[in-house]
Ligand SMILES: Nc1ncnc2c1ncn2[C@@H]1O[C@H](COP(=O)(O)OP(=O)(O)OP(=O)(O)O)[C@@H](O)[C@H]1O
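Encoded as structure tokens, the following chain is the form predicted on its own, with no partner shown.
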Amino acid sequence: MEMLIANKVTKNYKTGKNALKSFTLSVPAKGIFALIGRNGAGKTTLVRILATQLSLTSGSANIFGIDVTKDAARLRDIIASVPQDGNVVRWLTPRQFITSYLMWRGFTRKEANIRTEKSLKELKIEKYADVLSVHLSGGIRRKVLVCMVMATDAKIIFLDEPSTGLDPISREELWKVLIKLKKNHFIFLTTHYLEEAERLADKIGIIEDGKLMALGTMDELVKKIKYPYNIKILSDGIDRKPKLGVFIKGIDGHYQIMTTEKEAKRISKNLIDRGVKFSMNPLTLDDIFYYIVKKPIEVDNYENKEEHY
């Protein structure tokens, strides 16, 4: 089976920042793998190393058996990447930008034109095809970059937070394209939108402070927590801790109880009898992330920050 393997990958920057700390990962190189983490957790550093854009300090990594350091040129022939800080050439139109990139990668002009038109239609931005990129919104420019890598038909695609800056409708459109794309490609996706990872990923990794904290399918991650239900209650609704489960104090004035189905029914009945407002749902990736990392991702403030690591 073709795999992506990172073995004790460490990256120390000259600034003193240790972005990755003996990071080890082994996943099948098929479908979509989503790496989720807070701002500065090390997602971008790992993507840049795997995409042969950044050297590692120690350790090793390979994809499809190709070493990212020793055989970088060979790997570059089968990968395409949208970096987090990537941008289009502002004085080119999307059509010119994508076509030029494809010709630079070795496609003929005719083939580049065909691929460009197809990718623009896939992401529904053909109406912007001849508008100078300097006049496009940040969200549209982001979609142009995704169109660019889609058009290459590369076996391995790295997308570092591709939906940042997109409105909800555009994000949904992108998700549909990625679901289609993953049938014949391996997509390595980083994101801080936990719903995105939950909806798209075949496997999910959680990174914090340069270390892999958890890895698995959504079902496997739920099993690691052991408690499949989450009850959210205002602090004044708590009369005593649950008999069975995990009790977490949230940052928003709520308490969360992760517990079994049987215990969830008992607690909810007690809350209803006392007239306490609460919500009860199956465990989400947001719950799992908070349980493992002990900190929220804070999506609302995320898009105003730059993640250099």
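Small disclaimer: the values here were computed from a predicted structure and weren't measured. Don't overthink the numbering: it's just position in the shown sequence, from 1.
One more form of this protein, predicted in complex with the ligand, exists but is not displayed; see below.
Picking from 62 to 70, 38 to 46, 266 to 274, 23 to 31 the stretch near the ligand in the model of the complex, with a 4.5 Å limit on heavy atoms, gives 38 to 46.
Of the heavy atoms in E161, some are within 4.5 Å of the ligand in the model of the complex. Interface residue remark: A19 is counted as part of the site for the ligand in the model of the complex, having a heavy atom within 4.5 Å.
By the criterion of a heavy atom within 4.5 Å, Q96 is excluded from the residues contacting the ligand in the model of the complex. The ligand in the model of the complex is approached by H192, whose closest heavy atom lies within 4.5 angstroms of it. Note on contacts: among N113, Q84, S137, S100, the single residue with a heavy atom within 4.5 Å of the ligand in the model of the complex is Q84.
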